[in-house]
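Presented as structure tokens, the chain that follows is alone, the form predicted alone.
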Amino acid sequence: MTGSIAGGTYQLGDVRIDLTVQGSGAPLLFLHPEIGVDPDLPVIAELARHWTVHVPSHPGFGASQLPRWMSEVDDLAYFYLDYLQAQGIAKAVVVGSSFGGWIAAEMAVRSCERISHLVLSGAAGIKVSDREHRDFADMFTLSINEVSALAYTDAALAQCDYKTLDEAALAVLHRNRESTGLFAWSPYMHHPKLRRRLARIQSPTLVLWGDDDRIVSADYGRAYSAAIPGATFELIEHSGHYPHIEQPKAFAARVAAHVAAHV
């Protein structure tokens, strides 16, 4: 399988996605959370100091195409495994945040052949509590501003006046939410079999969590880490559910230290 890059987009088979590649050095694949990704985020520049950072927008998110046959997270996992192969990437650091962490975990339980190191930040994907309780805050019954208030420690990041956004930005916002619902609504933000399958992961794994994450608790992160052989769990201070946004330098430093410790 081969793919092609043109004008900030990438075509792989019948799927065209937005893609930026920044930096130099060994490859790192950054898989964004349910809120999407801005390639100009400070964390991307921080990571690009160490690696060639591949920043795709998932199929169905941003302006990336969503083919009819894609409807589950494993479709995205196979897509990115195919992406690494098509790019000729023998080994990549794979970093996933929240929904992107779920994708990264699903990739790793299928094949770690092309994954040198795995970093899961606030990752979704497993079920820890009983059937009567949610592990994740219900992001679909709360307003976007209410979800943001739970997701960030910095109140300035928690609120947005959506009336000031242009139509293109609003379209992306709602498309991201719609695609999250498609892939992660039922069962909500997890795959019932993934927790047991995490034992198949062979790549050195770091599980990162914001110390003020009110979307999903640090205990959930500890359970995630405990299910992966040899995984390390670390908290990032003064951050919520998206430490790559609130603490970009600390986030990149943790990734770099993890990779350096497992050469």
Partner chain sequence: MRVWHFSEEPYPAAWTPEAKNLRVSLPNQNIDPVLAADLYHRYLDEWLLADELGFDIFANEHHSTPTCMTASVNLILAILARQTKKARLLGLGLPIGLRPDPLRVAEELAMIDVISRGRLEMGFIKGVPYEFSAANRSPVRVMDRFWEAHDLIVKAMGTHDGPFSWEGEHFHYRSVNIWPRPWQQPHPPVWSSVGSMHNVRNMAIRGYTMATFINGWQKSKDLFAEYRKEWAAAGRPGPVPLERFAYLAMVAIGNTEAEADRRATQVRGYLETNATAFEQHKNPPGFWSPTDSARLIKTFGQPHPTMTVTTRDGHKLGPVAKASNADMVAGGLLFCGTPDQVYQQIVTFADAVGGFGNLLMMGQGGRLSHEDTADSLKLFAREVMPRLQAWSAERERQAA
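Note that the structure is predicted; figures quoted are calculated from it, not measured. Positions refer to the first chain, counted from 1.
Quick note: we don't show the form predicted together with the partner chain, though the next part is all about it.
Enquirer: Tell me whether Pro27, Pro42 and Asp154, taken together, all sit within 4.5 Å of the partner chain in the predicted complex, counting heavy atoms only.
Expert: Checking in the predicted complex: none of Pro27, Pro42 and Asp154 is within 4.5 Å of the partner chain.
Enquirer: If you check Met70, Ala227, Ile215, Ile35 against the partner chain in the predicted complex, which one has a heavy atom within 4.5 Å?
Expert: Among Met70, Ala227, Ile215, Ile35, a heavy atom within 4.5 Å of the partner chain in the predicted complex occurs only for Met70.
Enquirer: Heavy atom within 4.5 Å of the partner chain in the predicted complex: which of Ala86, Leu182, Ala158, Ala137 fits that? Just give me the one.
Expert: Exactly one residue meets the criterion: Leu182.
Enquirer: Taking 4.5 angstroms as the heavy atom distance cut-off, pick the stretch from 116-124, 143-151, 95-103, 78-86 that is near the partner chain in the predicted complex.
Expert: Careful reading of the contacts points to 143-151.
Enquirer: Is there a heavy atom of His174 lying 4.5 Å or less from a heavy atom of the partner chain in the predicted complex?
Expert: Contact check for His174: yes, within 4.5 Å of the partner chain in the predicted complex.
Enquirer: With a 4.5 Å heavy atom cut-off, would you call Val55 a contact of the partner chain in the predicted complex?
Expert: The answer is no: Val55 has no heavy atom within 4.5 Å of the partner chain.
Enquirer: My question is simply whether Leu194 lines the interface with the partner chain in the predicted complex - judged by any non-hydrogen atom within 4.5 Å.
Expert: So Leu194 does not count as contacting the partner chain.
Enquirer: I'd like to know if Leu66 sits close to the partner chain in the predicted complex, meaning any non-hydrogen atom pair within 4.5 angstroms.
Expert: Flag for Leu66 set to yes.
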